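The chain that follows stands alone, in the form predicted on its own, written as structure tokens.
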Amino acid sequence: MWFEDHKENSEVILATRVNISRNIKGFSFPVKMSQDEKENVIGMARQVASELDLPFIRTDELDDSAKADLFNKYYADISFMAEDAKTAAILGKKDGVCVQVNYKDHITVESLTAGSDIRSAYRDAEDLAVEFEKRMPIAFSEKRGFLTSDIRNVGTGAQISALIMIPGIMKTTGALSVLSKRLEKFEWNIKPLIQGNDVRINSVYIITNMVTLGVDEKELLDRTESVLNDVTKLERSCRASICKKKSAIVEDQYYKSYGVLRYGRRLELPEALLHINWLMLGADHVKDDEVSLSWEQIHKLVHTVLRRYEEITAKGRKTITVPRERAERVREIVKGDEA
């Protein structure tokens, strides 16, 4: 999958996402659309998918296995695939590219990549968005640009976000505040992926651009590169400082965490993320041949733990079987070629 690749800065920037939204003239935004309007948009999108020779999927026709596949690849959220949603997905020819139909906007082209290669991700999304613009009457204002359901995305119609894992920053006093101020400078927002008491333990955050109105494509991409570079530079600095000043602690926790993930039979989500944090912190600093673990394996661990349709929909069986199933998946990844 796209997120398993070890690309530029992906030891900090787990994933970068570009969403380009487009709406069709003459239709209400999805939140206010009638069932007939939704069916009409689905029909129009299906026609475009056919012309582009892309797979078209109605979400109300999917079984749980197919829904899990879309969700686990970050192509769709749970609400997007609700039984009464009248939504659809179009899969791009490139891994990590898809189109959501009738979600927050009529058409949302999504491009995902590991690491911080924002220009490639944006280009992939824009190229596909242009194909829809050629074939649909798109809502556009000469004064404001592309019209979207979220006022913050009006203009380019683009929203850029990144999933980051920053154990170094979280373990360094005052570093998160420094990062937040840097992001504010570029009009970006930061929030924890998982809310609750375990925020500081899991260290997984989402950063998102807040404004596109009055911002052209070049400025948007330049700002994004600056933001991602700042995050990466600060996190690497914090990791290096911690590993230098507390090398014995980092080494000890690195090996303990590897042991738990390699042999554990039950793993709660906070526990799994805690141990993955130590692996990320020590991966480039603990030098020993006893542990054979690549960055690709670490990336797969993170996403397998964070993004799992079967766990979110487990409901009543969550406290019984989910920790065992999570531990089993983690063991298989850590074993790698030994499995």
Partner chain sequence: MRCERCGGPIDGNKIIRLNGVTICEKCARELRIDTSLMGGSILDQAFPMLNELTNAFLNPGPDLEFANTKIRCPKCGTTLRDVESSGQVGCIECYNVFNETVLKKILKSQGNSEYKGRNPGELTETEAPVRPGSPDEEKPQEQPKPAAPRRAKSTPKEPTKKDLLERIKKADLGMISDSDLEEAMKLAAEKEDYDLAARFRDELKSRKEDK
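Predicted model only: the values in this text are computed from it and were never measured. Numbering follows the first chain given and starts at 1.
There is also a form predicted in complex with its partner chain; it is not shown, and the following applies to it.
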item	value
Triple contact flag 258, 295 and 328 to its partner chain in the predicted complex, non-hydrogen atom at 4.5 angstroms	no
Residue 75, heavy atom within 4.5 angstroms of its partner chain in the predicted complex	no
Residue 56 within 4.5 Å of its partner chain in the predicted complex, heavy atoms	no
Any non-hydrogen atom of residue 139 within 4.5 angstroms of its partner chain in the predicted complex	yes
Distance check, residue 189 to its partner chain in the predicted complex, heavy atom within 4.5 Å	yes
Region of this chain that lies against its partner chain in the predicted complex, out of 258 to 266, 86 to 94, 67 to 75, 147 to 155 [heavy atom, 4.5 Å]	147 to 155
The single option of 247, 161, 237, 180 touching its partner chain in the predicted complex, heavy atom within 4.5 Å	180
Stretch 29 to 56 - residues with a heavy atom within 4.5 Å of its partner chain in the predicted complex	29, 31, 32
